[in-house]
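First comes one chain, alone, set out as structure tokens in the form predicted on its own.
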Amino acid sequence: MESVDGAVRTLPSIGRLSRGLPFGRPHGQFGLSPSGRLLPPALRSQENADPRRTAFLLHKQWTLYSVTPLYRFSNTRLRDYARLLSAFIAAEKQKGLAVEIGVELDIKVAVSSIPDLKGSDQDQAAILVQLSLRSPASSKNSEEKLIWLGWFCCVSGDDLSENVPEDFTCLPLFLANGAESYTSIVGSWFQKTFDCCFRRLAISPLNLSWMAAMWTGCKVDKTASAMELVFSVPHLPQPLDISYAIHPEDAKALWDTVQKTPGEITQEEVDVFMDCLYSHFHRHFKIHLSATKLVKVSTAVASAHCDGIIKVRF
């Protein structure tokens, strides 16, 4: 394929681009830094962020991947990357035959930076990749249909980039929305071009409980839907899930009694919050939820599944 430096112009098929297991089974746990410290379970927008620049996050289901550092990635070459990725996608559609760079393609690729999305001021700005479809028969000014979205982001720059050489860019979390075939093609191009590796990312019960506490503490409309926790019961011949719904005002009132410092969350507070919910459930149904596995959290703010699927509602 054409490298970033333009050395070669032959695009091989996707089958020859695997490094490790790029899009296989869930690997690793969401929210843990190399040092083992729990990271913020979700990104936050900066106070001066433009809501229009982050609106693409809402009301979509995102699949999570972990990404190793990108070698020689540059924020000044995003247009070049879009052009090269567009050619790579076109070549895949033509079963590996090379195409001329810069020709008009059915699928338009856009790569852009979103400085508003980062975990802290030290983190790298998020990188958004968009694929849009335009009918070859339509005019150049016709409306394009967005068919796939993916974005790279960083949630703990201090921890993750501590020992990373200058030539590497740390954007360890990738979220994709759209057909898996496009996720595979885009991921393969990034792996080949920047010598990185993608893996499906699981969300541990510990981090799901953090999400439940964090999202419960957010101010929402009084008509908001209930908070729902789904637990999987282990060691049974047939799968069995337990759904536990809590009125949002009751959940918020409980969290307010647990949280000591507004705006901050500790592991102790999360444990107390969940233990109170478990005790209430046991008092009514005589079932110890602590013996089960938390697999899904759903609130008016967002939802998350242990398989690495999240959805932000507002």
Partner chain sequence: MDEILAEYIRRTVLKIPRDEIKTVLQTWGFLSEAQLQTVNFHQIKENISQDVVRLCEENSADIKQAAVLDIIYNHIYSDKRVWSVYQMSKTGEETEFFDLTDFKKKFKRRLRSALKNVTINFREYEDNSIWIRIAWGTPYKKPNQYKSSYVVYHSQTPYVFISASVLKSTLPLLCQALVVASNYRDIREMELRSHSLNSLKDIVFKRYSQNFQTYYPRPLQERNVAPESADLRIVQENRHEKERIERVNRKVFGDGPQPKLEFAQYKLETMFKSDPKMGVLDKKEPFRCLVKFSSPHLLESLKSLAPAGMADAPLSPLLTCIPQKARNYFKIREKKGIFPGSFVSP
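Positions refer to the first chain, counted from 1. These figures come from a predicted structure and were not determined experimentally.
Only in words, not in the display: the form predicted together with the partner chain, which the text now covers.
Contact with the partner chain in the predicted bound form, judged by any heavy atom within 4.5 Å, is made by just one of Glu180, Asp241, Asp167, Asp221: Asp241.
The listed set Leu57, Ile265, Leu277, Leu70 contains one residue whose heavy atoms approach the partner chain in the predicted bound form to within 4.5 Å, identified as Leu277. Among heavy atoms of Val270, none comes within 4.5 Å of the partner chain in the predicted bound form. In the predicted bound form, none of the heavy atoms of Thr261 sits within 4.5 Å of a heavy atom of the partner chain. In the predicted bound form, the partner chain stays beyond 4.5 Å of every heavy atom belonging to Arg52.
The shortest heavy atom separation between Trp62 and the partner chain in the predicted bound form exceeds 4.5 Å. Segments offered: 203-211, 169-177, 77-85, 226-234. Contacting the partner chain in the predicted bound form at heavy atom distances within 4.5 Å is 226-234.
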